[in-house]
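Take a look at this one chain, the form predicted alone, written out in structure tokens.
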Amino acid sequence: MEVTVKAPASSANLGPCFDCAGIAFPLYNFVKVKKAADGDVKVIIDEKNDVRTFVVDEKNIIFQAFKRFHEKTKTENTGYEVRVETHIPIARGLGSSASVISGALIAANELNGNPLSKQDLIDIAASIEGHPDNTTPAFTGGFVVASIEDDGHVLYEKIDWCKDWKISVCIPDYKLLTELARSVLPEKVAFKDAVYNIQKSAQLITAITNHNADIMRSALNDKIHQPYREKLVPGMSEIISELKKENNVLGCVLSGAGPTLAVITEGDNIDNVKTIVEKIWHDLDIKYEIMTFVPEENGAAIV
């Protein structure tokens, strides 16, 4: 028996909500899983017909998904074969790893008789990544605010996104590993910067809840992570500065740890966004692609 799970991409943080909010996109990985009898976890990655096969160990997120599933259910892990068809760009800040984790957990649950609830799987996924901002919307779809409580339980709330707000993801052609993007963050932040982010996070939730574009324009700002990471994303500060001059642009933020930029616009007119990004990145000799989405309201599911 083989189980195939379709799992969406996601964008975390949205500016000020560092490690506690994310939104799912209609871009997907397909995770195909079947049991094996040799105790190993064999992974086949199919990325644009570039197929790689390897046996993974505890350092791998897919291995961890199965290991923690069986620890939770107190059952034996006899091994799995996993084929991941990747359509979410890897190491671009679009939640590719979260989609694979969610797909592996849902498939493992199905193959073992569904002993765990969706909440159980969400908790396990967040424990693997260490934060719930990508993994939770991968399970639920939509825009989600989430936290990991002291006991490991994930509390989350899904909030309706304004249908008039589109998100254009500007994806450069180079990778930025999360480990590197986290390494540039400071161990401590100034009190005034922490207060600033609390204010902007509260504004962001209010703006999304009430579909208030004016508040959204103010809310999509951050002093906790983006000022430190922008040096890893050439042209980022210039793009953000130029987009602030456009009336239909509500804001531009790093998608997750980057290097993808997420531009939130009101209405369908994104031609000026493309023109600005094209000019700045062309001058820096950066190749890229731009995709425009409305959020994916459905989370990972068996197909």
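Because the structure is a prediction, the values reported are computed rather than measured. Heads up: residue numbers just count along the shown sequence, starting at 1.
There is another form of the same protein, the form predicted in complex with a small molecule; it is not shown, and what comes next is about it.
- In the model of the complex, the small molecule lies farther than 4.5 Å from every heavy atom of residue 259.
- Contact annotation for residue 24: none of its heavy atoms lies within 4.5 Å of the small molecule in the model of the complex.
- At least one heavy atom of residue 18 is located within 4.5 Å of the small molecule in the model of the complex.
- Mapping the unseen interface onto this chain, residue 9 falls outside it, with no heavy atom inside 4.5 Å of the small molecule in the model of the complex.
- Not one of 32, 34 and 102 is positioned with any heavy atom within 4.5 Å of the small molecule in the model of the complex.
- Proximity to the small molecule in the model of the complex, defined as a heavy atom within 4.5 Å, singles out one entry of 199, 78, 119, 178, which is 178.
- Of the residues given (182, 158, 223, 72), 182 alone sits with a heavy atom within 4.5 Å of the small molecule in the model of the complex.
- In summary, the region of this chain contacting the small molecule in the model of the complex, judged by heavy atoms within 4.5 Å and restricted to 144 to 152, 208 to 216, 129 to 137, 81 to 89, corresponds to 129 to 137.
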